[in-house]
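Heads up, the chain below is alone and in the form predicted alone; it's given as structure tokens.
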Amino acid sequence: MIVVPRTDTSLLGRWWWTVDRWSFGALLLLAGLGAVMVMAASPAVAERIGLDSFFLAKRHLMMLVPATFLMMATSLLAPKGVRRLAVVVFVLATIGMVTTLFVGDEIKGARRWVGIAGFSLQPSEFIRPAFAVVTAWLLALQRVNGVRWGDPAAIGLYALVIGLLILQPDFGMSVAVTGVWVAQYFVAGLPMILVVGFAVAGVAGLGLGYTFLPHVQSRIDRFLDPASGDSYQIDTALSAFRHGGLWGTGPGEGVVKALLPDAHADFIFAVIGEEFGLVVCLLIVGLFAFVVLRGLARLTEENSLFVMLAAAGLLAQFGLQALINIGVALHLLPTKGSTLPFISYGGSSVLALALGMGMLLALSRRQPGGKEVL
């Protein structure tokens, strides 16, 4: 057990007594469970694509090490440091997203990845946490400091991000980013007329996506009527949950990982359901709920509008991503390529999640004085 005296005024000492250690521990537990789940789910996938059985598992573990250090290092920052880091990451990620449109690797008809020194990087993963923090800063500027360009700038950045996501195309992430952005705007004090306007615009956007994007139409049609198209992945995932039952078939004893192409990523929750059962699935859902609810509870004591909006946006992203992944695996939502935070195999996604949760831990630390930070 780590023992740090309250009299320790070093950087780590102050961090230990101000950070939310329960949330930090829950995130580390999720990462640890994810390492076990990836080792269980990835060998069959690796063998199917001609790699060494544990190639994907080893690569995931290698990414967890820098991700853990990134999360802890980011959590050491003061709120102003978080805001400055978010601005830098947002600019770099935006440049990266523009670059992918021209020289990015095309996978399944989308250009979302760019190769750097043998590593496939997805800039859009990093723009999400940075965008949430930058948006919170702009919204708080107008409400606290009376800066008139705060809201227009936030709307302009939103249009930029959504435009780049649609060009990739990534309609699913566009919807997720929109939901978080509207939630932040609502918390900041959104006029009712704009609430109605955003609702109408959202419905119109979904309608346009359904009309002009064939892959969106196909996913929605298959969700509403599985017989209208190929529902192999969903049917296989649901079968895995039924096979696993309450306690599961046991580690390594499942068969779904040999059948699903994305068993180590988008559908890892199905592998967990089959091999570890309902009990472990509920444990993982409980950990996600704990992080989100505890984070929201700490925000009730926050006096800084910027910190409140930024932390709320990061929590919404984290919870929504988990909800989408689990909902897709259980056929409660249309299929959408989304990883389960810290559980699924990933490179860019793991690092981006670590960055976002590090920002959250930094913002939710007990700050002396409780003054507005802009």
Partner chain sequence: MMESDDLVRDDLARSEAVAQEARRNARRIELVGTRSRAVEVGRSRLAAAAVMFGIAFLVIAGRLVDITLIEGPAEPRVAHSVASEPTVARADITDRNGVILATSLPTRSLYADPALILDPDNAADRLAAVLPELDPVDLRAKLAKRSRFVWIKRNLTPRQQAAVNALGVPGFAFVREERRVYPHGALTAHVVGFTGVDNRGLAGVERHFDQQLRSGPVTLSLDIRVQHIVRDALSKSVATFQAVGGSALVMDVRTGELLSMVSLPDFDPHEPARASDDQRFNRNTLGVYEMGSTFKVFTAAMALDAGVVPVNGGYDASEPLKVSRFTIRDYHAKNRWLSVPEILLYSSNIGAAKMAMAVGGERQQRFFDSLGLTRPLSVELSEIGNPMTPAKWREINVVTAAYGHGIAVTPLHLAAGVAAVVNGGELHPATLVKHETGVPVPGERVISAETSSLMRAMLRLVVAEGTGRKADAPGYYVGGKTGTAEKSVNGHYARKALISSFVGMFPSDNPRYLVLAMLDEPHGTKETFGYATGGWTAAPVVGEVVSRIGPMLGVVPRETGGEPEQTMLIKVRNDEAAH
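Residue numbers count along the first chain shown, from 1. In this text, all values refer to a predicted model and were calculated from it rather than measured experimentally.
Separately, the form predicted in complex with its partner chain exists; it is not shown, and the next lines address it.
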query: Which listed residue (98, 187, 78, 153) meets the criterion of a heavy atom within 4.5 Å of its partner chain in the model of the complex?
result: 187
statement: Exactly one of 206, 162, 87, 289 comes within 4.5 Å of its partner chain in the model of the complex through a heavy atom, and that residue is 289
query: Any of the heavy atoms of residue 26 lying within 4.5 Å of its partner chain in the model of the complex?
result: no
field: 4.5 Å heavy atom contact, residue 131 to its partner chain in the model of the complex
entry: no
- request: Using the partner position in the model of the complex, report whether residue 239 sits within 4.5 Å of its partner chain, counting heavy atoms only.
  value: yes
- prompt: Hey, in the model of the complex, is residue 302 touching its partner chain, heavy atoms inside 4.5 Å?
  reply: yes
message: On the criterion of a non-hydrogen atom at 4.5 angstroms or closer, are 33, 65 and 92 all touching its partner chain in the model of the complex?
response: no
- prompt: Can you pick the stretch from 309-317, 341-349, 33-41, 66-74 whose heavy atoms fall within 4.5 Å of its partner chain in the model of the complex?
  reply: 309-317
- request: Could you run down 247-284 and flag each residue that has a heavy atom within 4.5 Å of its partner chain in the model of the complex?
  value: 255, 259, 269, 278, 281, 282
